[in-house]
Ligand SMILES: Cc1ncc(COP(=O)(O)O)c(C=O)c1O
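The chain that follows stands alone, in the form predicted alone, written as structure tokens.
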């Protein structure tokens, strides 16, 4: 590109004016996808600004996703359509976004690559040849040993290496448990209402009938379980998904009592129990009744979904039937398992969780403050400071916009669709309800955006929600 004609607004300052002019040029199509921009030195000379100003503007627009800089290829305009059309098939949600606030993922840009690589190199370089053979279908013995210790220390789980099983991701683990329960005579399983729709699909694919049980501020309504004729229940007691409430002690004891009286099983999904920001994390339910609770954990939230590693702690009465169901189908890379065992054993997972817990706690506090100040039509419930997402309810009692009539209220689906048009990824509450329920809201995953892009992403989210009112 020989030259670039830009009209800078002097009232904004040179850097801000340059950033706005470039955004407008890209938005209006004057700078098309793939177009080369002048070098920082050339553009600085043409605009009579410092080179540092141009470099800073290029870096900011690169962070926001407008520009792409590659060594040897200069700076080019990003293909924004490619960003929106890129398929990332997570949970059946195929679209990806520049500003993605859907729940279900940590900030993978914080993945500890250097320390993980050291663990990987160590196990590949120092292990015997047996590591590269077909592994134990129950999981690598070294990983099961360190997981038993780690879960006991950090989640109050009662585990021995022989009760731990390793799987290729959380949904695979839940699918195998559901099959095992079916073989053990379970026909119907209860789930929390609301709950993650994918989990319900996995349970149904395994042949179980799914029954909804309501959730309130104290967790699942144990009283509603009585009379449902279910042989198992799946719960998220540490941080209920998606409402974010913690199961109160009375409900925990009542649930365990129900399971024993009815010879039923409890599946505890402890998907993000490590992340509590105002106090020590709440211990797992399994520690109170290891003979009745199947504990499920995953590396997807603490490290990265791409690892595809999860684990179960299984009551002895289910070990045989679970082994018969899984057998060789549960095989997971022994090399990745060995790396995780080394990573945990050397204290790296503990250090990583402590570090990202601080980051996520700040993000949560900032999100809540911005919503309270700028988006009055979102109702924030009194929920514990925990987890990787925040659920806000749409105040449809008075309409999202002040003074709106019932016919003028913006509903959840419209809000999400309009956000998607601006490449902001949101997930609504309505897809989580099992039974009929008109309560609408947003399940905002504040941990997914990359750390260096979070401030811009949050500005875009709040700006969209503010204008929606």
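Positions refer to the first chain, counted from 1. In this text the structure is predicted, and so the values were computed from the model without any measurement.
Missing here is the form predicted in complex with the named molecule; even so, the following discussion is about that form.
- In summary, the region of this chain contacting the named molecule in the predicted bound form, judged by heavy atoms within 4.5 Å and restricted to 253-261, 338-346, 201-209, 269-277, corresponds to 269-277.
- Proximity of 99, 363 and 449 to the named molecule in the predicted bound form is absent: no residue of the three has a non-hydrogen atom within 4.5 angstroms.
- Although the partner is absent here, residue 298 sits close enough that one of its heavy atoms falls within 4.5 Å of the named molecule in the predicted bound form.
- Taking the partner from the other structure, the named molecule in the predicted bound form has a heavy atom within 4.5 Å of a heavy atom of residue 104.
- Although the partner is absent here, residue 169 sits close enough that one of its heavy atoms falls within 4.5 Å of the named molecule in the predicted bound form.
- Using a 4.5 Å cutoff between non-hydrogen atoms, residue 150 does not count as a contact of the named molecule in the predicted bound form.
- Checking 357, 308, 370, 118 against the named molecule in the predicted bound form, a heavy atom within 4.5 Å turns up for just one residue: 308.
- Proximity to the named molecule in the predicted bound form, defined as a heavy atom within 4.5 Å, holds among 265, 377, 241, 176 only for 241.
- Along 431-458, a non-hydrogen atom within 4.5 Å of the named molecule in the predicted bound form is carried by no residue at all.
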